[in-house]
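Presented below, as structure tokens, is a lone chain in the form predicted alone.
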Amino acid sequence: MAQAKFLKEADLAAWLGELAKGRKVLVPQKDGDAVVFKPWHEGVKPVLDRQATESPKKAVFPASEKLFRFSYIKDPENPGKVRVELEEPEKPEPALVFGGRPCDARGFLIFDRVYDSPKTRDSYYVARREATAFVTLACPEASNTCFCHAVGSGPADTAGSDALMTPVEGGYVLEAISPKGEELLKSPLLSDAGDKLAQAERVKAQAVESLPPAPDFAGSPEALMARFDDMGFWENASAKCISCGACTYLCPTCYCFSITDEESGMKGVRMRSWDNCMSYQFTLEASGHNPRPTKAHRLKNRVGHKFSYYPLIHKGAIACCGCGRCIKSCPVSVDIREIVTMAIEAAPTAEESAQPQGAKQ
């Protein structure tokens, strides 16, 4: 542990005030019945006793963003000739996501392999990623929809966080995870963690113990590929799905988008907006053909992408952080854990696979 400090509960607002100087601080706040990440200001008390309804992914990957403005400029000497001028967006302002859970910060590691790789570097994403810090809150206890421990994470996972908070008696123990985190912990409001460290470790251990046994998803890439052409399996798995797409919008690791140009006269703006692979229109081609015409095809793609295609491309990394929002907020209780488990259990054993075609039962 590089650095650990203690923050009194009574000093939380003052510390947030310090953090908000020169940067936007997003904290979980009540919004009707939901808890969402919104900018902090004096008087706002973050909701830290439960997981936020939505993930903070829009802090780095906005639901809708302007990529650039463009203008068509006619050549006065040749009106039939038009050139295009582009206006780049302003650089993102520094930001801090405060009070998300470890699964929320870990979700961006799944984005990173796609948007900031040696082959592809999305400058918009990378600029926001570099401008954003994460102070996450270790989960004191797990809910029945949590399965972070089944995808390589845990209630106090530090992957993706710059600092980790653990609730203890009278306040929080704060651990710096990265150089960004070390800077955040230089406040005079923080004191040495001292004997609070042992209590923080007990809180973390109790959170791990509160989790049920983890489903074994180790064989998911191969099992889901084995079910790829088994549409009976996918029709059964998707029978109660209503294709609302709530799972994709709430997911910290879903990163599909669409591009649109919004024009008015000789000017316009190119927008990037979240899209939803559970929607019929997502893969609808201009010809009218749709390679994923049913919800069974679309659910196969969504589950397959997270637990098969992505791991096969990215050295086994599952494109899911186990936050459980897709289960908790699904209006018809589709459970992605059950689908992956069914695929694994339906996969032929090595012995069955080795049998001649005609010998299988």
Partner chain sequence: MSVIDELKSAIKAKLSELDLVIGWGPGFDPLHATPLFMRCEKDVDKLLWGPLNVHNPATYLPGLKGKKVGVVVKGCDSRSVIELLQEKLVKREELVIFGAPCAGVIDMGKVRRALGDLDKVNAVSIEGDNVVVTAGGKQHTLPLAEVAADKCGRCRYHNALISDVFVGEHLPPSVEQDDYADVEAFESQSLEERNAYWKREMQRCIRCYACRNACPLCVCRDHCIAQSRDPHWIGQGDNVGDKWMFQMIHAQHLAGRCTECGECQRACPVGIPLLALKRKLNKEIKELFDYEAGVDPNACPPLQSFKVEEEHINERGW
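Numbering follows the first chain given and starts at 1. On a predicted model such as this, the values are computed, not experimentally measured, just so you know.
Unshown form predicted together with the partner chain; subsequent notes refer to it.
Check your understanding: Are any of the heavy atoms in P293 no more than 4.5 Å from a heavy atom of the partner chain in the model of the complex?
Key -> Contact check for P293: yes, within 4.5 Å of the partner chain in the model of the complex.
Review point. With the partner left out of view, is G43 within 4.5 angstroms of the partner chain in the model of the complex by any non-hydrogen atom?
Key: Answer no; every heavy atom of G43 is more than 4.5 Å from the partner chain in the model of the complex.
Review point. Does D116 reach the partner chain in the model of the complex, with heavy atoms at most 4.5 Å apart?
Key: Taking the distances in the model of the complex, the answer for D116 is no, it never comes within 4.5 Å of the partner chain.
Check your understanding: Does the 4.5 Å heavy atom contact test between A239 and the partner chain in the model of the complex come out positive?
Key -> It does: once the partner chain is placed as it appears in the model of the complex, A239 has a heavy atom within 4.5 Å of it.
**Study point:** Candidate stretches 273 to 281, 123 to 131, 194 to 202, 171 to 179 - the one whose heavy atoms come within 4.5 Å of the partner chain in the model of the complex
**Key:** Only one stretch qualifies here: 273 to 281.
Review point. What is the one choice in E262, E209, E85, D229 with a heavy atom within 4.5 Å of the partner chain in the model of the complex?
Key: Contact residue from the list: E262.
**Study point:** Residues A34, Q51 and E54 all lining the partner chain in the model of the complex, heavy atom within 4.5 Å
**Key:** Answer is yes for this spot.
Check your understanding: Using a 4.5 Å cut-off on heavy atoms, what residues in 136 to 162 are near the partner chain in the model of the complex?
Key -> Residues within 4.5 Å: E141, A142, S143, N144, T145.
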